[in-house]
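One chain is shown next in structure tokens, namely the form predicted alone.
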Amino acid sequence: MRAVAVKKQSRPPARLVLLLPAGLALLAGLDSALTLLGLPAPVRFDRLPDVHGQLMVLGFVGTLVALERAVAVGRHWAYASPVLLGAGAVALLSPAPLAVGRALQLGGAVALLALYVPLWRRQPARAVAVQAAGAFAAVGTALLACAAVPIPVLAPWLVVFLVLTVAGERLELMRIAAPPPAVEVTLLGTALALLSGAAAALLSPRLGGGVLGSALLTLALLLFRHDVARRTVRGEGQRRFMAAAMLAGFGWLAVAGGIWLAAGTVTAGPGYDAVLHAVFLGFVISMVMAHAPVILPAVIRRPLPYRPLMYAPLLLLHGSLALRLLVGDAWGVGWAVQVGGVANIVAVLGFLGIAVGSIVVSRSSTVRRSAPVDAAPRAAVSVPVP
């Protein structure tokens, strides 16, 4: 019977297939990042630089977020969101008209927003409302993309989607530390301010940037002050790794808020590069690294054990980002932007390689430990499954 159980568990869950478009979007997004840095890229496709933001945010992170929410809802229809977001990313990479990929991603964003209806009914909490506000920003992003609004103009909507998604998750965990009730109210108000700032930025980049920057700084301060990472960073192993990644991410969120507050929602130049990568790499990718050992096993039903080696890509990510932003963008040093950008890519791919390797090694070890040593091969087939 034990052998039968091992054999059944060896089949990868069907949802694992939904990660493939997300992985493809990530690789294509990193490839286009090299082109945007003015460096040779393994694959040359004229439209790649134009869809870089959609691939990385809606195609990669959006698909992962939608898949995790679909697993939480536990209904077949819930998987429409990751399917559409992933299909949209693939369409953006194909020769099909850009409108096809954008329309698919709009459908995926709307489906993601719909996922929060059953989640709210299950738990009507402010944390769920904040995450739903993030999904609303994803719908706004996709709508603007369908209207062919340039990525630099709709960038605040991309930022708000990811920031509120993460902030809502952190708010759920803050309850462990029993923060004052005013914290949840403030975070919800910050979410509304971010949505308002993104809308205002379409008409007045300076006004919108002031609102967005103030909200991001408030959120960063709130997370620094009340997130459980302040306590768990004193722990060991996985707890310390996750906390260190999250605290570093909060710092980059404050950097982005400060730039927007000072300069408005710039759409080009060093300020634009600094804000986007402070949020998408320093905050979001750092959060992905922090949560991967917890979230991925729930999605793919495979253990991802923490390994101290995970610190290597995490440190490389933040060190290279500091070089890119604090030296390259701040002082106009071109080589620092390029070297930092390439190291950013190496850090992301390095963590991905460590994660995949850990899953494979863990899977092999589990099979070896679970396999019976004295049973005949035919016994595994003849024993009925209860």
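The first residue of the shown sequence is 1; numbering continues from there. In this text the structure is predicted, and so the values were computed from the model without any measurement.
Beyond what is shown, the protein has a form predicted in complex with a small molecule; the following relates to that form.
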Name the stretch, out of 128-136, 246-254, 264-272, 301-309, where some heavy atom lies within 4.5 Å of the small molecule in the model of the complex. 264-272
Going by a heavy atom distance of 4.5 Å, is V361 a contact of the small molecule in the model of the complex? no
I'd like to check something about G258: if you look in the model of the complex, is any of its heavy atoms closer than or equal to 4.5 Å to a heavy atom of the small molecule? no
Give a yes/no on whether G328 approaches the small molecule to within 4.5 Å in the model of the complex, heavy atoms considered. no
Report whether the minimum heavy atom distance between T63 and the small molecule in the model of the complex is within 4.5 Å. no
Candidate from A145, V166, L281, A89 lying within 4.5 Å of the small molecule in the model of the complex - any heavy atom: L281
Just give me the single entry in A201, L158, L194, A109 that has a non-hydrogen atom within 4.5 angstroms of the small molecule in the model of the complex. L158
